[in-house]
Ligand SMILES: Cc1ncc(COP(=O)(O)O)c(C=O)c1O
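Coming up is one lone chain in structure tokens, specifically the form predicted on its own.
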């Protein structure tokens, strides 16, 4: 039998954080930066409703969700587009802007989907060096050429947890060629309470050459429903709408996202929980010479360089106890580090106990 020839891609497929362990039921998953407190009670109420019209297509424009986003963040409704997770927004940007002769600059330890979607459309991905796992503006600028079309930055960055301050982001936008689109990923901005931090949307909502991406998969706990959004100038949004799949965000996801945006109490509890437990775990791990950067998002990048055990050893020992962290060697090529998601109180307590058992 003859199979028609298809395109081949020289890319490394995305490997999500592990979610299961052989022979262990209900493991503790701290590998994917998911919400520690689950889902907003308001969203849960909608999800338990029986009023869904399953036989009808969802609103193609996600009108009610976009209105709620515009209201909450004081931005123009026509500058917002919704996607099946922020991944789809990244995909549409790459489809819209890139051809095989173009270049995309991404920091060397940035979210893997930037490079993957750029490579799928044939563009060349250029990596800028980081300094102590922090994005470097000077290194990004060194990599800019006449072929550069896009620069992707997650702020704070995944998987390192480091971030660029307000003045650094403004400096980068000023020094980049005006024809280069800067894409800022605000996936973890809700957790950020650092004084020198400002979200991409706060800084650049009126700029013509910045796209900001956000997600409902993290603090809102809607990861399985796949819903995210982007903010950009109207011309870019109009062009993205031409290539957007017509019913990309399902009805249940739209309704749950609307209710999640309204639940201030849940968001505040989630932020408080993250600050308390991230600091507690960071301080606790330092007793075992496991260090991490300052608390920013809902995860810590754990450095085992001064620890008596290697990252791989601790990773495997934790799995034997039913706890899954993210190995940063997969995809990111960061050696002797692990990424730890801040979980619920019960999950965090079990992680702490497991570490004590391993080191004793």
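These figures come from a predicted structure and were not determined experimentally. Residue numbers count along the first chain shown, from 1.
Absent from the display: the form predicted in complex with the named molecule. The rest refers to it.
Interface residue among 199, 148, 162, 86 relative to the named molecule in the predicted complex, by the heavy atom within 4.5 Å criterion: 86.
The single contact residue among 191, 114, 97, 109, judged by any heavy atom lying within 4.5 Å of the named molecule in the predicted complex, is 114. With the partner omitted here, the stretch from 152-160, 275-283, 262-270, 175-183 that lies within 4.5 Å of the named molecule by heavy atoms in the predicted complex is 152-160. Contact check at 4.5 Å (heavy atoms) against the named molecule in the predicted complex: all three of 187, 218 and 226 pass.
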